[in-house]
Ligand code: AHG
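Single chain ahead, written as structure tokens, the form predicted on its own.
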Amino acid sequence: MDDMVQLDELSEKEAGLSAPEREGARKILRALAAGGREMAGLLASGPLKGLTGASGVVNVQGEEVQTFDEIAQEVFTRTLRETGAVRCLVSEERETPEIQNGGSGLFHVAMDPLDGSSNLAISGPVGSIFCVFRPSAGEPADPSAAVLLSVPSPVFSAYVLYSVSTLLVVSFGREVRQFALDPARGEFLPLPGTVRFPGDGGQIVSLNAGNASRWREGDQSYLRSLSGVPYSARYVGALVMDFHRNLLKGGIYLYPGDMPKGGSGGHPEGKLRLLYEAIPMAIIARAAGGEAVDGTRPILDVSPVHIHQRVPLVVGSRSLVEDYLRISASPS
């Protein structure tokens, strides 16, 4: 394996793609880099422009939209449309898929344009998440149904992390590569080597223990099992940041379903979205030697029934996820 691989070279390494698909994937990668570069600049000046608060709008998920959610939506929709390679675009911020380029593009794309946007009020880290799928043969005319049929055929996943530095992390399923934005050149430059979870699994546990009283017994049993175990609790509340830290340092991230309390509320089906949060991270985790499950089965084995489907998510070093599955399956 080459120690340094340029962003434009990633798709060329994929033997499973046709020549047009390799070119389409390269264009989409360039679009993600262009959007990430633009967002990094906008986020840096956001506090000076008063753009870090709520917009006063509630999205299709029933969540309060932050001003930058809409900005990120517009930025990445534009950069992806300009590639001519996107057929349908699914976003957390839109109820239905957007048909791009008259439906003639090579790929479907699902995205969370700005993950963890509530962190912006405190200048915390945020990210953008993407997954690219190959359309199925003879797909239906309904855009949502077409996207769902393409999910078993992912092409690549990526995320952008906006923090002290801006990083673009990409996987076509075999390995994971990092690229860092050079502000002076305005380019994402490769970092050496591939990224894998540490061999010892790590000791970081990322979860919101404040919700534990609503978890199913298996998840509560896992939390109890950590008592007396030397581990580091780290939780930012932005999936990209929590996942990336655990990818480099070793650890496990948990967002179980929340059972209703007092007959109301809760997200028993989970809160994170399958297509544009759980699946992209599962692809990257598996390529890095880790795993992602919904509490009982691998995320990549879950058959989606809705473009905004929610799932519980447990992702991280393989050994830690295996420990979670063993303990949560036999609560005591």
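Start at 1 with the first residue shown and count on from there. Since this is a predicted model, take the numbers as computed values, not measurements.
The same protein has a further form, the form predicted together with this ligand, not shown here; the description that follows concerns it.
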Go through 231-239, 164-172, 94-102, 144-152 and give me the stretch that gets within 4.5 Å of this ligand in the model of the complex, heavy atoms only. 231-239
Contact with this ligand in the model of the complex for A40, defined as at least one heavy atom pair within 4.5 Å: yes or no? no
Exercise: R30 in contact with this ligand in the model of the complex, heavy atom 4.5 Å: no
Contact of L114 with this ligand in the model of the complex (heavy atom, 4.5 Å): yes
Applying a 4.5 Å heavy atom distance criterion, does S123 contact this ligand in the model of the complex? no
Could you tell me if all three of Q203, D219 and Y324 have a heavy atom no more than 4.5 Å from this ligand in the model of the complex? no
Of L272, A34, L300, A287, the one that lies within 4.5 Å of this ligand in the model of the complex (heavy atoms): L272
Exactly one of F76, F107, Y255, W215 comes within 4.5 Å of this ligand in the model of the complex through a heavy atom, and that residue is Y255
